[in-house]
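Listed next as structure tokens: two forms of one protein chain, kept apart as structure 1 and structure 2.
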Structure 1
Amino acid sequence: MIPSIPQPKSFRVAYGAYVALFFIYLVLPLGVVAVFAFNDSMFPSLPWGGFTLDWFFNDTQPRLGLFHDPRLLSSIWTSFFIACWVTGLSVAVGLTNAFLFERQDFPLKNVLYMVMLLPLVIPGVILGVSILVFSSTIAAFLETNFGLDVFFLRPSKFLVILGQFSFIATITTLVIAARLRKFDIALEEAAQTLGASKLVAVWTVTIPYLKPALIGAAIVSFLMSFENFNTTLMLVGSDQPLTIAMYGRLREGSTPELNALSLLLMVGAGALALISVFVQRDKP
């Protein structure tokens, strides 16, 4: 709807109702999950059994709270560890790729750019299976021919990091390159005219300009890694990340403890999203 063009009142009302229904559709399932995290019942469903914080803080079975569940806490730490590695690698490689594709001309540049985008259109399961088959083949070859047990090429945290990095690095590249494209390279040239080397000019002029994009890319990388399921499922070893642990719990039967965990994840993701929006605002 274009605000400058007069519209019938009925159209404006219908449009407003559509927008309201759309956001209700998005928010209502999350609200239900949040409410049942405080339900004093063994099952996350009606009837409402009263308000309780047991699903967060209780330390006895069968109403074991989230903060006293060693398996879930361990899976949260595993996801955090993986997400930190994936974030660091993805931002570093994304920054390098952004300079490569925005500043350099080289043979087959467009072809390589399309290859870089391929992980975004390949289903996560296929990507995970491909990495697993490739790494397992290498591990089997090394063990058969040289007697080397390369354990990290088997399903493990290393493969999970590699699998997530393979497509998240593409996203960070696009985020950082979009801001680098707006940078006036004359500022770098002015710094070099004043005596700075190329590297010093980039570090002191360009990188600070890219800081909002770097922080935004890091937040996006962390969230995407933390919540990834499809690729992770194919590559996970004995140390289960949070998404895999939650999937296993759901197969056994849902409890309000998972609702409590989901509420914390929603709050954390929302806080990081707000930080990302805040740091990427263009300051006057």
Structure 2
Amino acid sequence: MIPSIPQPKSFRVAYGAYVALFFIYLVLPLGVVAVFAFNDSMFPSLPWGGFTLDWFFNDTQPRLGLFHDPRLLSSIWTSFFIACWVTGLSVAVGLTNAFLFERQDFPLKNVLYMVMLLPLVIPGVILGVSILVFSSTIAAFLETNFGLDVFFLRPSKFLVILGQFSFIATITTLVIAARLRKFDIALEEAAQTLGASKLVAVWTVTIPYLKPALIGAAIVSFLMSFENFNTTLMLVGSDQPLTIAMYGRLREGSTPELNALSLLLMVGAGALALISVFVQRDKP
């Protein structure tokens, strides 16, 4: 079953057809979402009512376009705010973790590494509820003992950021550590021999080497945060991030405005994917 071994033609045709069918299955749902963003009808379904850009640009109800819908725009902003924080925190902690695991030796290092992987095997819903329970325990403790009302320990943007960070940091750690492992430490030592302090050597030699991994990790964290649903659902407060707002509309049944939004998300994610492929490509 490799090209060098002859197979009956019928088998090759059937196999090719199966793979083609698979890719149709993969692309079809995304394709229909995109196409119906331009449907000139109140519903994202057939019959096709003709081509329109209303679902992006129209400014009056009931055919409110995406760019004139204050509720959706503000939820995009909320998601963006959360994603920026999560990205910054996860990349920073991922970087320090990479140095910790690749450069340092200490007792129980393997145990710590195992614990660090745990957030990947805990379902997102459970990560969310456990943080919800713990933060409300702390809030209740502070309130009964000190009379403090700590508002950010109630479901809020702050908790959503912490919840997403709790598992995205594992991913950034793995990405950055993999790159740091390939780094030749002699380069850093050479910088120190030439008179740089340890910190200056790391800053001017090692960090630039890690740049592709840092950018890649940042893109992945941003996207995972922006698109996260399970953990966010449990921790969300009054400002709804985009995924929660979209979920609400999906359940109500929505106009093709939601398709326009989805198309925008796909284009944004596609652009980020291209950047990350481009950045991570190893130059010969």
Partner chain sequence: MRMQSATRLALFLLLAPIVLWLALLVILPHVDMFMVSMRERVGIRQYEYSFANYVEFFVEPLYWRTFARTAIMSIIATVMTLLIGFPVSYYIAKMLRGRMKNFLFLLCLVPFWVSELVRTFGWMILLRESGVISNLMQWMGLVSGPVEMLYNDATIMVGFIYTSMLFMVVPLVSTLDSLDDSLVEAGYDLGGNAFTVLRTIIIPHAMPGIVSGCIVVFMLTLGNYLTPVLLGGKDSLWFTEQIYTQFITRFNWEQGAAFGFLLLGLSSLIVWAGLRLSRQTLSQTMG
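Each form is matched to the other, and the largest set of C-alpha atoms that superpose within 1.5 Å is called the rigid core. Predicted model, so just to flag it, every value in this text is computed and none were measured. Counting starts at 1 with the first residue of structure 1 and goes up one by one along its sequence.
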Report task. Report the structure number, 1 or 2, for the form predicted together with the partner chain. Result -> 2
Report task. Classify residue 268 as shifted (yes) or not shifted (no) between structures 1 and 2, where shifted means its C-alpha moves by 2 Å or more with the rigid core superposed. Result -> no
Query raised in the report: In Å, how far apart are the CA positions of residue 15 between structures 1 and 2 with the rigid core superposed?
Result: 4.0
